[in-house]
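In structure tokens, one chain follows: the form predicted on its own.
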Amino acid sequence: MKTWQNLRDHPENWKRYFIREQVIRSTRSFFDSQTFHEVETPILLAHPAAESYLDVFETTLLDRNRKPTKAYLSTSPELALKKLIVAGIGNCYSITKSFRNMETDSFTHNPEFTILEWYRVGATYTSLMEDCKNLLLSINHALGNGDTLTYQGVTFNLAGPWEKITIKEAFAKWANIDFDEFLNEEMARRIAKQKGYTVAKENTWEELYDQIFLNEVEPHLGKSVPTIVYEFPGCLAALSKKKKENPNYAERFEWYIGGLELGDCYTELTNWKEQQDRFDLELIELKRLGKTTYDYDHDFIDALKVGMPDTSGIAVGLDRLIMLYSNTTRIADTLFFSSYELFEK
């Protein structure tokens, strides 16, 4: 049944869908009260960021003479916001549509989704841990829920201490793995085999990591208390800085509530050469994986050459936040028009 048909037959369901507008309104109010600038960022791009864990939507832009140029739908407003930070905008945020291909067959993904990103100048990723808590409390209070939130039968105290655990501690606690040993690819293969995972010659270290993280670690995150897992492996730093004292780990965290992964935060990498080298490696990985390939945004590298101030930023799946406040396990229950519905046969 289409959503419009369901709502016509069951008007009591409107309340759940209207939580979306309340969450978005409260989110804007939270950042506006702290004098963040809201930015509209482009959805149609000539050059996305090079991120091999994503698959982009490719399209064709035609000029008036129908001369074709490849174009892509944005996977994130990140590079646009960072260019404005170089220009001097200061603290900023964006609420916008983003697109990631192949994100189907999941109750928590939609190929077209709404993303919230915010950036604090002069901050590190630890500062944004408090932002996450304060944002959730602000939305919760606006919805009249006080400091507690009940999701799928579990009540979470958003104001209370949040669990904070490093990747190294999490692997030791739930997978019984010494992560410093696991960082060695040969040892990682041996450990994965001993645990019964399929380990093929062509498997990368990241693929071995993902198998264990997704099966043995992630299911425990945020089950009874909001959880921040931090200090990700340095090889998975993406666009974040590595720790100076130990570059095997990155200044990056993700946060979970009720089994939902809600956001991904970095102390942003500002070294243009290191970022360029990472993008070049990501392009190689995109080709190896057989994904859509493209040239990355060199204008962003030029901006980093000018100099970006120390900054920390985070991307949050706003639809998943709405899932949390709507007490639903299906992202489609937060959308009037989900991709599943639009393209179902």
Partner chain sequence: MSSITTSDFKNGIFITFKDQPHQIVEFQRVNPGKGSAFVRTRLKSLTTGKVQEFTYKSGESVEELPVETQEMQYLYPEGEDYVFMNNQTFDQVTVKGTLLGDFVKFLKPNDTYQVLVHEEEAVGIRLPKKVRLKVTEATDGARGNTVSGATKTVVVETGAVVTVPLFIKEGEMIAIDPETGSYVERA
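Numbering follows the first chain given and starts at 1. Note that the structure is predicted; figures quoted are calculated from it, not measured.
Not on display, but discussed next: the form predicted together with its partner chain.
- With the partner left out here, its partner chain still marks one of 100-108, 80-88, 120-128, 220-228 in the model of the complex; by a 4.5 Å heavy atom cut-off that stretch is 100-108.
- In the model of the complex, none of the heavy atoms of residue 163 sits within 4.5 Å of a heavy atom of its partner chain.
- By the criterion of a heavy atom within 4.5 Å, residue 254 is counted among the residues contacting its partner chain in the model of the complex.
- Mapping the unseen interface onto this chain, residue 180 falls outside it, with no heavy atom inside 4.5 Å of its partner chain in the model of the complex.
- Taking the partner from the other structure, its partner chain in the model of the complex has a heavy atom within 4.5 Å of a heavy atom of residue 8.
- By the 4.5 Å heavy atom rule, the three marked residues 112, 336 and 342 all fail to count as contacting its partner chain in the model of the complex.
- Checked against its partner chain in the model of the complex, the candidates 132, 95, 175, 238 yield a single residue with a heavy atom inside 4.5 Å, and that residue is 238.
- Between its partner chain and the residues 207, 169, 274, 185, the one pair within 4.5 Å by heavy atoms in the model of the complex involves 207.
- Residues of 193-231 that come within 4.5 Å of its partner chain in the model of the complex, judged by any heavy atom, are 197, 198, 203, 206, 207, 208, 210, 211, 214, 215, 218 in sequence order.
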